[in-house]
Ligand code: C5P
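Given as structure tokens, the chain that follows is alone and in the form predicted alone.
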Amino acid sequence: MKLCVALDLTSKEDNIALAKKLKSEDIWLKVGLRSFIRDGKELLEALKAINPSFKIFLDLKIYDIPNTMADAAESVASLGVDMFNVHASSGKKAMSMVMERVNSLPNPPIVLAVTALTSFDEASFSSIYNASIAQKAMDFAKDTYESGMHGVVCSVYESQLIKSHTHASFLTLTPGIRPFGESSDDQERVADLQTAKAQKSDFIVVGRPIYHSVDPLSVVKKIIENI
């Protein structure tokens, strides 16, 4: 299991300052939609300059027509990131085209597909997808696996089940982790570190419990020790 720290702060300078505090650790850094739109490639370069061993997950959740997604995937890969994601609801054709394009490149990144956002509860999810979270997440995960992608973004509660219906090596990245029982904030399907371990998550994403702490490095060290 690897720790992925969410860089969701309100400025480029704050994100860089946080990364500098954590530069000694073997971690992934998640750059999301707001940070990338605001700060672009320069942020990615600045993070790698702090520690070239940092792994970067560009969390843009690409969703468009198949050819546009494949073009976008190629552009994302050219940024030198280590992992990025798309939406599984874009369909198998789109995901297969993305992987065909990515696999034609040197040093291709890991590609994941989002199943069900962890901000959904059952009622809000069903109103859009007309299915339960567990069933639709499984359907999306199977489509992702059959499209040749490396894994999915899902809640902790679907992780082990998805692996059992795909493959043990099929990656699961689980957002909404409150490692030691912190507040869930705007997430619905959150879990602590022990649950993530039991559910065999490969990557856990932690944001607020780290960057809202007065000592982010100590929180990161404690998470890594418990991993």
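In this text, residue numbers run from 1 along the sequence as written. So that the term is clear: the rigid core is the largest set of C-alpha atoms that superpose within 1.5 Å between two forms. The structure displayed is predicted, hence computed values, not measured ones.
Although it is not shown, the form predicted in complex with this ligand is what the next lines describe.
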Which of 171 to 179, 47 to 55, 191 to 199, 63 to 71 sits within 4.5 Å of this ligand in the predicted bound form, heavy atom basis: 171 to 179
Proximity of residue 20 to this ligand in the predicted bound form, heavy atoms at 4.5 Å: no
Distance check, residue 205 to this ligand in the predicted bound form, heavy atom within 4.5 Å: yes
Close approach of residue 144 to this ligand in the predicted bound form, 4.5 Å, heavy atom: no
Residue 220: touches this ligand in the predicted bound form, heavy atom cutoff 4.5 angstroms: no
Contacts with this ligand in the predicted bound form - residues in 118 to 144 whose heavy atoms fall within 4.5 Å: 118
Large Cα shift (2 Å or above) at residue 115 between this form and the one not shown, core-fitted: no
